[in-house]
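Consider the single chain below, provided in structure tokens and representing the form predicted alone.
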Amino acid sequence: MNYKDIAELLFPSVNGTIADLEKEFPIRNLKKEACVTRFAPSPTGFLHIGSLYVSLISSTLAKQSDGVFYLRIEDTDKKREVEGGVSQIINTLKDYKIIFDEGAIDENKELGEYGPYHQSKRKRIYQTCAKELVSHGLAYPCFCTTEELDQNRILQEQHKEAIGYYGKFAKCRDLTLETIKEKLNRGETFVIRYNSFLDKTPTAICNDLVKGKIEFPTNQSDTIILKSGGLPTYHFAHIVDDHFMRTTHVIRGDEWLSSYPVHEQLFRAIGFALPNYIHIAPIMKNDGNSKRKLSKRKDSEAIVSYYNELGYPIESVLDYLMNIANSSFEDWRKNNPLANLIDFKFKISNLPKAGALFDLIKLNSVSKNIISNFTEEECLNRIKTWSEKYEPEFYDYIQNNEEVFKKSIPLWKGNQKRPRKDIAKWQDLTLNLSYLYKPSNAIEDYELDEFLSEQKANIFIDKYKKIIDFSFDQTQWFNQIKELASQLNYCCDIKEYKKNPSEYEGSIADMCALLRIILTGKKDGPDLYSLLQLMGLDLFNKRVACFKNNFA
């Protein structure tokens, strides 16, 4: 059979060769250890936290090796593409300081010499490679209809045979040139399939840089490499793009491991060297008695915008993801609390082999540490930026009360010598510390219990409101509190109180807790003296009146 004639018949307008493409996209002039990595999302919706995780690892590997990190947009599935999806991905990654050396920079613009970086614009390159495979008998046109393929599958299921297009089911594998001409003249649509029958290799071996050596049976099904519109499937596009963009390390989710035999087969068939593979274990979530991958459809925390809306600083999310990626990161961060993330020496060998469980408690802990190291001015600017977009009422409060708001920041942030870690995300300010920023609103819930009761609180506040003096310094204020504690039989000596608790109404700490509950509704919170000074007499009286209305 004259395969070259078939190739010319199928691709009459394709004149170039793979050799021409090799010259057009030469091997990059980089040092030997440099990594060329990519992030290759499809513009089909919001960015998944797992995608941010993969892009962070890819970016880090490239930057730490003086390599290249590029953005490739895999937009060949136009039915699933979301309008503005490319810009959404690019802008989100910019927000998280994931900076590309090459690739798409918006819906229509690109940067770099190895493009186009949108797969939908690389049709010429894919068809050049496909034509050469056809010309050597390694690929062929398939005219089978959906109905015929469905019938194949039904027969395979009935006879408990492997599902796929192979052997006697590969009806188009040996079509003659004349038959192909007839079908084309009738306007029949076709796809291009790889001819797996020619591959006699018994196994496919993946030497994954994280999971080690993995053996698979060689693929026996004739994989589609070009769809009917002339654009490639993921399998073929991945081979062609990673070769001609000179990718050295492919970092992707381990759900793609099952596709490795097809990819290795296509690399060998076309004569391209395989890149290094790093298959990343997914981020998991508890679901009843089992675990599953975080899902965009089921889990709000799977979508990157979720963290923006709640007000997690980008540094918190990136540090949390790096905690997952390398177990040594946590100790490094403790010793280098203010260092840039890129200064951490990332190691491929430290990537987890199994899926890490999403841990909101850990994320909050990481974020509290991050926020505690911000300056007050940084906090102010970040909170204003966040609230303007997500909490406009809070933003208006800050704009109208900026000096008061500035004075409140040390209450929950502390200072350099004694940092507080009360806040994990900016939304906490409107939830956990709403009493600081809603002076005209009543407290809705009070954390009272059988010991810290409303009766004790009323007895205390009736005495305290008569003597409160906002001109006192902290020492004078605390001496006054101790004096009142003695009058009301609250023990000022904690050790003594622990020895004989039944002889007292409580400790001085309990009395302070009552005052805090009256003012804020909560048992715990910022420094009480500073809180009183920030509130002032007018708001103090309003909070006391609110409490009385609820519990008098």
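In case it trips you up, residue 1 is the first one in the sequence shown, and so on. Every value quoted in this text rests on a predicted model; they were computed, and no experiment measured them.
Just so you know, the form predicted in complex with a small molecule exists too; it's not on screen, but the next bit is about it.
K.L.:
Does Y234 reach the small molecule in the predicted bound form if we count a contact as any heavy atom within 4.5 Å?
P.N.:
Yes - in the predicted bound form, heavy atoms of Y234 and the small molecule come within 4.5 Å of each other.
K.L.:
Even though the small molecule is not shown here, does D428 get within 4.5 Å of it in the predicted bound form, heavy atoms only?
P.N.:
Although the small molecule is absent here, D428 would stay clear of it in the predicted bound form, with no heavy atoms inside 4.5 Å.
K.L.:
Whether E391 contacts the small molecule in the predicted bound form should be assessed with a 4.5 Å heavy atom distance threshold; does it?
P.N.:
Residue-level check for E391: no, no contact with the small molecule.
K.L.:
Please determine whether E102 contacts the small molecule in the predicted bound form, using a 4.5 Å cut-off between heavy atoms.
P.N.:
No - in the predicted bound form, heavy atoms of E102 and the small molecule never come within 4.5 Å of each other.
K.L.:
Of 486-494, 34-42, 507-515, 63-71, which is the one stretch near the small molecule in the predicted bound form, taking non-hydrogen atoms within 4.5 angstroms as near?
P.N.:
Among the listed stretches, the partner-contacting one is 34-42.
K.L.:
Which residue, H243, R333, R252, K368, has a heavy atom that falls within 4.5 Å of the small molecule in the predicted bound form?
P.N.:
Exactly one residue meets the criterion: R252.
K.L.:
Could you check which residue among F197, W256, F470, Y306 gets a heavy atom within 4.5 Å of the small molecule in the predicted bound form?
P.N.:
Of the listed residues, the single hit is W256.
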